[in-house]
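There is one chain below, alone, in structure tokens, taken in the form predicted alone.
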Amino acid sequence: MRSLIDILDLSTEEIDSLIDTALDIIDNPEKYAHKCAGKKLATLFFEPSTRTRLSFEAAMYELGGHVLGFSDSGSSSASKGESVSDTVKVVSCYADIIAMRHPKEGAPLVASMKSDVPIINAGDGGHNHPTQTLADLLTIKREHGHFDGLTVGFCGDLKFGRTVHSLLGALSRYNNVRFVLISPPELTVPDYLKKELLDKKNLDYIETTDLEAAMPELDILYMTRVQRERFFNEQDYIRLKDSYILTPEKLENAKPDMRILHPLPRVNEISVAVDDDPRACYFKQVLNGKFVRMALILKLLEVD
């Protein structure tokens, strides 16, 4: 039995295989319509979510399986003080696989140690979000056709952005990928990530506060929101929340084939006027997330 807690749990070969499966699902949906008949997915979301939870549910339904679970920890026994370990131990009696989101870093890892079925980390605090990363990678593959040699800009909250941390880790294993890290000084990539990933692997990266100056060299622009729920001080959030707002004017010097990604939800960091730009891919990401989660469920359930 295997779980997915961190994107680095997967080798590049396994990631490529999942993407290939997702592409086959896109081309041949009828082939997969009954692959998980009789199987049950439990969604344990201790933190609010729209896209990720519904994406998992849609993925399982399209594989012919069933879904149970909760979307609010207040409606679960966690509100009575039950531990994550006990909740998972109970739910693994009912389900074949569990997708779990939790506000505490490391909670899905603890759950995987106690569960009798595979655990998928659907986001743990500011730490990791591996299935969003798989959605991001599938989107990049469908738009650019490859990962090697790309210049990828991450913009916004790079300190607490778990999607940024996961995608940095995944892309770092491909060849000649260059990173441009765009953020206010207070929201830069955490030192541990710079030390353990970027510097340790001698990756090509720069840090800057200037989005417009970086724009012409980017193949991918990964925008993120400043996350109110990660701040202890409301005044800091208010001061930083509109640090970067992407508008059509700011895209004038961007490459024609640059692609704009965002893990969503969007608040104010991408103007709705950008939505009609052919380079905008954030709603495509949502759809790609469903396909790649289908591929992941099949892999972890060891369905041929």
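In case it trips you up, residue 1 is the first one in the sequence shown, and so on. Just so you know, these numbers come straight off a predicted model, no measurement behind them.
A second form of this protein, the form predicted together with a small molecule, is not displayed here; the remarks below concern that form.
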query	finding
One stretch from 129-137, 103-111, 167-175, 189-197 that, in the predicted complex, holds residues within 4.5 Å of the small molecule by heavy atom	129-137
Listed residue that, although the small molecule is not shown, lies within 4.5 Å of it in the predicted complex (heavy atoms), from 274, 67, 264, 26	264
Heavy atom within 4.5 Å of the small molecule in the predicted complex - the one residue of 35, 40, 255, 51 that qualifies	51
